[in-house]
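As structure tokens, one chain now follows by itself in the form predicted on its own.
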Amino acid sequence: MDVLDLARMQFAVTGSLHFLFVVLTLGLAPLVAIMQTLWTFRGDPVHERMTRFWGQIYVINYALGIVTGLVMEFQFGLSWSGLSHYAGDVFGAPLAIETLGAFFLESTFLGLWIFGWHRLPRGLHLACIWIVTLTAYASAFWIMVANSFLQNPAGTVDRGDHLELVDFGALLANPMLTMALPHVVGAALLTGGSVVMGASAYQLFRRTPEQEFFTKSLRLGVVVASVGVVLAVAFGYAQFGPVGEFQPGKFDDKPLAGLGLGFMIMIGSLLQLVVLFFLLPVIRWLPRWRWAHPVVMLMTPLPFLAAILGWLAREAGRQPWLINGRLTVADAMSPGLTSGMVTTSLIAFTAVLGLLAVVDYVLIARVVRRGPAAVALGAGPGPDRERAAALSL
């Protein structure tokens, strides 16, 4: 395998593994915010415990996801300096806004939310998690602005050795963005809802004593997943319009992109069928149907698989271009790279990201298996905190 193919593989691996964390973070944030809103206005202690339990899972995934993002940034600088030289003034702008604006706000208010339990007024504490959710989606917006620029470099002019941004509004109104962003939002809601559904079904299948807790969680997961699957499928098909206009050969003569698209459509259609036409109509009785719980559990990994396939279809279909029609992948590579250098970094990145993915899964599975009694997030001082600490050992 030559150095170009190795570099492409490196980006595919790091991008795919990082996106697994991102899609779950985006999916869980609004679920936790909804749970806390219900607790704040209804005063139901079950919703408080739900907020803490699912919030702890969200925090675990968020913390490890940050590290995967750092690996992504490092491989950008290591392997793709040609992209920075040619289009850094354009491509770097939305990434800088995402980091300095959305991400910093998100992490700041998440810290206030984590350490503000029993310290902040209830309404202010609720506002923190909603700001976390909104800034998370603002972060996704700016990332998708940057990615859509690669798909269609709208609002730019080629100055020979670099691209110059001449119309920032055109960058934000990019047709490759307007349909893709709601699709990503839908995929995230489907993923978050499916994880809540699967974990709740697991506990109900085990005949947990926390029946009310996981019954309410399962029902909320089904509702959010239903909204997500409609958005993901509808805006997935809506993207064929701009794709056909700006990248007419994307799926016709690109086998990998076509294969990824085909399997993504198949999984999306299956999830739509199961969630909308089976789970949603029987949402009232579903928690008591023990035979259906394994089906719900088996669904859990499917949104993650569909997300990776969708990402591959979107990116692989643009080859050989990194910036469609402007900069090839070969020209975007850093000069002086050798196969040995890229192979070494590929192995290192894959090992680090793979380890983080395994740790993420083990920690989340551990929280799910032990249930809400062992959750330390938001536990009050005294016996509650001591009990949670003892159960978490």
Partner chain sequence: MDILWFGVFAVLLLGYFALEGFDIGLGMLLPVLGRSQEGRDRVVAAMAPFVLAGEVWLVAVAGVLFGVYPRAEGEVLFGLYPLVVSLLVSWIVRDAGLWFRRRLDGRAWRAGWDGAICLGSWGLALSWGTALVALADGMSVTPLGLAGGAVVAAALAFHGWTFVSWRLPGQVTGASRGAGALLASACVAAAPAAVLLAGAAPWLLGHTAPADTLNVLSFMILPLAPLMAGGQVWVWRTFGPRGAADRIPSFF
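Positions refer to the first chain, counted from 1. In this text, the rigid core denotes the largest set of C-alpha atoms whose superposition between the two forms falls within 1.5 Å. Bear in mind the structure is a predicted one, so any value in this text is a computation, not a measurement.
FYI, the form predicted in complex with its partner chain isn't displayed, but the following is about it.
Though the partner is left out of this view, residue 112 does reach within 4.5 Å of its partner chain in the predicted bound form, counting heavy atoms only. Its partner chain is not drawn, but in the predicted bound form it has a heavy atom within 4.5 Å of residue 99. Mapping the unseen interface onto this chain, residue 22 falls outside it, with no heavy atom inside 4.5 Å of its partner chain in the predicted bound form.
For the chain shown alone, residue 251 is not a contact residue for its partner chain in the predicted bound form, no non-hydrogen atom being within 4.5 angstroms. Checked against its partner chain in the predicted bound form, the residues 213, 235, 103, 202 give one hit for a heavy atom within 4.5 Å, which is 103.
Contact with its partner chain in the predicted bound form, judged by any heavy atom within 4.5 Å, is made by just one of 134, 282, 78, 270: 78. Contact check at 4.5 Å (heavy atoms) against its partner chain in the predicted bound form: none of 9, 174 and 277 pass. With the partner left out here, its partner chain still marks one of 321-329, 41-49, 27-35, 334-342 in the predicted bound form; by a 4.5 Å heavy atom cut-off that stretch is 334-342. Although its partner chain is not shown here, in the predicted bound form the stretch 346-371 places heavy atoms of 348, 349, 352, 353, 356, 359, 360, 363, 366, 370 within 4.5 Å of it, in sequence order. Relative to the superposed core, residue 164 shifts its CA atom by less than 2 Å between this form and the one not shown. A movement of the C-alpha atom of residue 73 reaching 2 angstroms or beyond is seen between this form and the one not shown when the two forms are aligned on their rigid core.
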